[in-house]
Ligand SMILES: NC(=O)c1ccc[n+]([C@@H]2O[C@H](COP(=O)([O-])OP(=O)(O)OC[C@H]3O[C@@H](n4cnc5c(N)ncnc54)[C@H](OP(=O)(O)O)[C@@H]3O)[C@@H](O)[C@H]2O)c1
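Here you get one chain, nothing else, as structure tokens; it is the form predicted on its own.
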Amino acid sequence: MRYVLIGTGSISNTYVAALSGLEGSKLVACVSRSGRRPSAAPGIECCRSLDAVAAPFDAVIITTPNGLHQDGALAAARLGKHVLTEKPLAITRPAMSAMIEACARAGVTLAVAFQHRTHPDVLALKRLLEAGALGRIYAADLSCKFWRDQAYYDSAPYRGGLDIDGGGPFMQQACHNIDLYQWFFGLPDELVAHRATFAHRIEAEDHGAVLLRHANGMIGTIVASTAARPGLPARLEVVCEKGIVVTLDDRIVNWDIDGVANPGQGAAIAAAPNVATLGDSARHQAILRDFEAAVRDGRAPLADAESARRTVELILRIYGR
């Protein structure tokens, strides 16, 4: 497939690297309001709008800030182009609905780069949960105690704000992990959340905790932070009828489940949770492969828009919106 990048910030370089490993696929242009090209593709055609792109293309990859995702998706849908957007899908319910409806009318695929879903241990755990192999799930505790310094938030005027970032660590840094929580266990029937800003000069929270109750009785907890210096790996503990499972950065590190072999493959995600830029593109390449297969086969992608919408819905409920 031939791609146009919409947005040329640091994450765009991860997609340039991922595309370089996909045989037959390539980046043909970028769209940037500033006219800046990705540093990893300095010679690429750069336009101020998608309509101005001269090269033929099949799909867009949206890497603009959270609150601008809908602009790129709607522009692509008008041109009949498929859409892969960085997480989250969007930061408001109307924006998500507009994106989904526009892509459906245009008959194009809309997917979200929730690349943590592609980790082998995550996929194995998802299959076992769907099959009921762990028995009744009693509790799930997700801890995302990350760190960002003030310089990170000062690096762009929208960082840590509500209008563009959409919130603090719940919407931004812990979004991937909250997506896995929702993908595994669904939306809760009720929740209680507390949020505060402790360590940074930002509009949104930098630390918060949530208690969740699900229809099947499962009790969940989620902690999300960028105030936990120097930061810890994301940790998920699942307590169930047959034992306990613990993951760190999506890798199974403890498996004590009666009668079920540990499916973990031991391959950790390379990116540290306390680094704002990614140094490895393997998981993004996996998302791109799935995206292309979904377009080719006419099936839903691994992180389809409706599933990604539920993740944002959970975060919006945490924010009381």
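This structure is a prediction, so every number in the text was calculated from the model and none was measured. Residue numbers run from 1 along the displayed sequence.
Just so it is clear, the following notes concern the form predicted in complex with the ligand, a form of the same protein that is not shown.
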query: Residue (of R159, R117, H200, K145) lying close to the ligand in the predicted bound form, criterion heavy atoms within 4.5 Å; finding: R159
query: In the predicted bound form, the residue from L302, V16, I11, A305 that sits within 4.5 Å of the ligand by heavy atoms; finding: I11
query: Non-hydrogen atom within 4.5 angstroms of the ligand in the predicted bound form for each of S34, P65 and A113; finding: yes
query: Any non-hydrogen atom of Q172 within 4.5 angstroms of the ligand in the predicted bound form; finding: yes
query: Touches the ligand in the predicted bound form: R251 (any heavy atom, 4.5 Å); finding: no
query: 4.5 Å heavy atom contact, E86 to the ligand in the predicted bound form; finding: yes
query: Contact label in the predicted bound form: H207 to the ligand, heavy atom within 4.5 Å; finding: no
query: In the predicted bound form, segment of 26 to 34, 257 to 265, 292 to 300, 52 to 60 with a heavy atom within 4.5 Å of the ligand; finding: 26 to 34
query: Interface residues of 163 to 182 toward the ligand, as seen in the predicted bound form [heavy atoms, 4.5 Å]; finding: I164, Q172, H176
